[in-house]
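Before any questions on how it binds or moves, here is one chain, the form predicted on its own, in structure tokens.
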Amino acid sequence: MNDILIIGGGVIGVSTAYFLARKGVSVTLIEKGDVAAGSSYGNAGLVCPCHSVPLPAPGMLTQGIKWLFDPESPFYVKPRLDADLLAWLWRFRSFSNRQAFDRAVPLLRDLQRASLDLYQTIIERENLACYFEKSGGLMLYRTAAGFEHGQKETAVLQKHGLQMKVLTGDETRQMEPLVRPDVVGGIHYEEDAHLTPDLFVKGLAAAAQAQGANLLTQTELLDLAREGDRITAVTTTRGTFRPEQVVLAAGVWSSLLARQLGLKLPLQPAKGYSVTVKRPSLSPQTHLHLGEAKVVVTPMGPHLRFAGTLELAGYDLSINQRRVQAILRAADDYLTGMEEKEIVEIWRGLRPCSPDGLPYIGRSITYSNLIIAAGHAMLGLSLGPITGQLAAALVAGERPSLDLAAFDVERFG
């Protein structure tokens, strides 16, 4: 008998294993690839309370329609007849309004702030080397229209208590001298931090193992057996487990696994890209958001990473070179000294997006021994530690530190 079985070796699954192991709970984690092999590997590395904005923000779908036929656009929906996609878009549309936005921002804000506190605690406690820097982020705008939109969004987020400061073009260049002269303004995200994501997750996995967690990589899930309101067995390529409780934290694959159990967990895979280069001699000192281009530039020790795009194209993992080149060109539009880029790696991954922009965190009503922690969209890394801590509390029968009602795992039926 295995007490707790976690499915998924990304930042959320590993964080859950870590917090359970620290409680002295017998826990096994299975991962079909390697730890941090999916979206926990190549993302922008941000821990970003100031970006507590749900994906279905007001006007997002309208803008997406405008971008629909541009293969280099930051947000792209691949046209196809797919019942799940159509149902997801219909729900997404219903949450693309100010009322839903104002409800979601405080929820994401509180999760992210709690997660940032945990990052600082864990990194110090476990002495993790992951180039963690809490120096804020800087949003750049090249156009007056973009800057105006950014200021309006900032005013809304400031009303929700987020610490952000609007800067003139000259003030922006004082903070980051590499910003081009034609950048008209910026916004300083004062609460935010960044790190190298895979170094953190792998370091945390080692810390979990040191506490007694059993991590099994290259272990593929084959079947989920159930009787009544319980999952009774999990069959994998490395044997069958009969856990007391199961934590499903498999990222975008969680929806497909939930379907095997007859559960509806609406998720759409959102493909994102990153390009990691050797850090040039002239390099930004903190992470930057290239406003109109929707690209993030993050220093990661000896490397610099450019990340961006959101492409709803199903489970397609092919690399669109036009998107890669668009990301690289964006850096030249906002920054000087970025002309020579020695590419280390081109990456793409699938982020799990719920239609309301909120993650699924909680215990299933249908299965008494199932906890789900998935659907974090582009905030998976940022929300990893707090989600793991909340999931561990549910497993242990403890009261979670935050109210989880809005993250109900069966809220869509």
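One-based numbering along the sequence shown. Not measured: the values here are computed from a predicted model.
Although not depicted, the form predicted in complex with a small molecule is the subject of the following passage.
Checked against the small molecule in the predicted bound form, the candidates E220, D117, D170, E124 yield a single residue with a heavy atom inside 4.5 Å, and that residue is E220. Residue-level contacts in the predicted bound form: of V297, L108, A330, A250, one residue has a heavy atom within 4.5 Å of the small molecule, and it is A250.
The chain is drawn here without the small molecule; in the predicted bound form, the stretch among 272 to 280, 174 to 182, 155 to 163, 76 to 84 whose residues come within 4.5 Å of it by any heavy atom is 272 to 280. Heavy atoms of every residue among L46, G349 and L379 are located within 4.5 Å of the small molecule in the predicted bound form.
Using a 4.5 Å cutoff between non-hydrogen atoms, S354 does not count as a contact of the small molecule in the predicted bound form. Although the partner is absent here, P56 is not a contact residue: none of its heavy atoms lies within 4.5 angstroms of the small molecule in the predicted bound form. In the predicted bound form, at least one heavy atom of I30 sits within 4.5 Å of the small molecule. Contact check for G362: no non-hydrogen atom falls within 4.5 Å of the small molecule in the predicted bound form.
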